[in-house]
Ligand code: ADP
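Quick heads-up: it's one chain on its own, the form predicted alone, in structure tokens.
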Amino acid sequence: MRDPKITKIFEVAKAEERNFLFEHEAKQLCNLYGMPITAIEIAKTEEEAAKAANKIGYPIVLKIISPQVLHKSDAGGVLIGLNDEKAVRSGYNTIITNIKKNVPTATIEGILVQEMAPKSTEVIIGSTNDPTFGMTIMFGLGGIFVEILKDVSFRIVPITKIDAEEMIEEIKAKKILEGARGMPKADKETIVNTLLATSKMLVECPEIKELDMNPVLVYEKGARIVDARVIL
């Protein structure tokens, strides 16, 4: 039986007639399954944004929370690399101004204040509901690589630890994860555990139609899910 907190996330989206989760809801869902997410707080005022940033630590990323703004960057709803409280306060107001100008009909639910994770190797973990095979899980290099190389592996859920390990081995660019050309060696154990947790989430949450965690920054020890998108 799944955690009631998980059910609550979906109930809120359903009550608001949304066919998607806000990013912070998607990350909360991942966190409830033990996945490594960036630290996040929700701010509804400039003062709350400043307090959240000071709590999380700098640098900070700010992102708009609005059901009408799914492509946040295009609407001027994202600011990255904010290094102090003054920049966060100014950034909060800049995003609000941008959204009111670029998407005047948008309902602003708040601003997501997020830890800016250090750069590292980017991977993607996702899923789609295949009409023939059912829910599948995908793994590959993330960021721009997933679009350019299309170097990914798939399995039908649920998966085992062996499946997860094989998914990592199957991608052509696996040497990057092993530290090729000066890249940091990726923590494969964390990748395997995240794949297994994702599989469990997909099995226990039939509400999920599509999942996209990209990028997931993988370090020599640990990882951080930087962006997460869930379609219901």
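Computed from a prediction, not measured in an experiment: that's the story for all the values here. One-based numbering along the sequence shown.
Omitted from view is the form predicted in complex with adenosine-5'-diphosphate, to which the following refers.
### Task
Sort through 98-106, 84-92, 130-138, 116-124 and report the only stretch with a non-hydrogen atom within 4.5 Å of adenosine-5'-diphosphate in the predicted complex.
Every other range fails; the passing one is 116-124.
### Contact flag, K72 vs adenosine-5'-diphosphate in the predicted complex, heavy atom cut 4.5 Å
So K72 counts as contacting adenosine-5'-diphosphate.
### Query
Heavy atom to heavy atom, is T38 within 4.5 Å of adenosine-5'-diphosphate in the predicted complex?
Yes, contact at 4.5 Å.
### Query
Do V61 and adenosine-5'-diphosphate come within 4.5 Å of each other in the predicted complex, heavy atoms counted?
Heavy-atom contact with adenosine-5'-diphosphate at 4.5 Å: present for V61.
### Query
Just to confirm, I162 within 4.5 Å of adenosine-5'-diphosphate in the predicted complex by heavy atoms?
Because no heavy atom of I162 falls inside 4.5 Å of adenosine-5'-diphosphate in the predicted complex, the answer is no.
### Task
May I ask whether R2, T194 and C205 each come within 4.5 Å of adenosine-5'-diphosphate in the predicted complex, counting any non-hydrogen atom?
Answer is no for this spot.
#### Entry: Any residue of 78-107 that, in the predicted complex, places a heavy atom within 4.5 Å of adenosine-5'-diphosphate
V78, I80, in sequence order.
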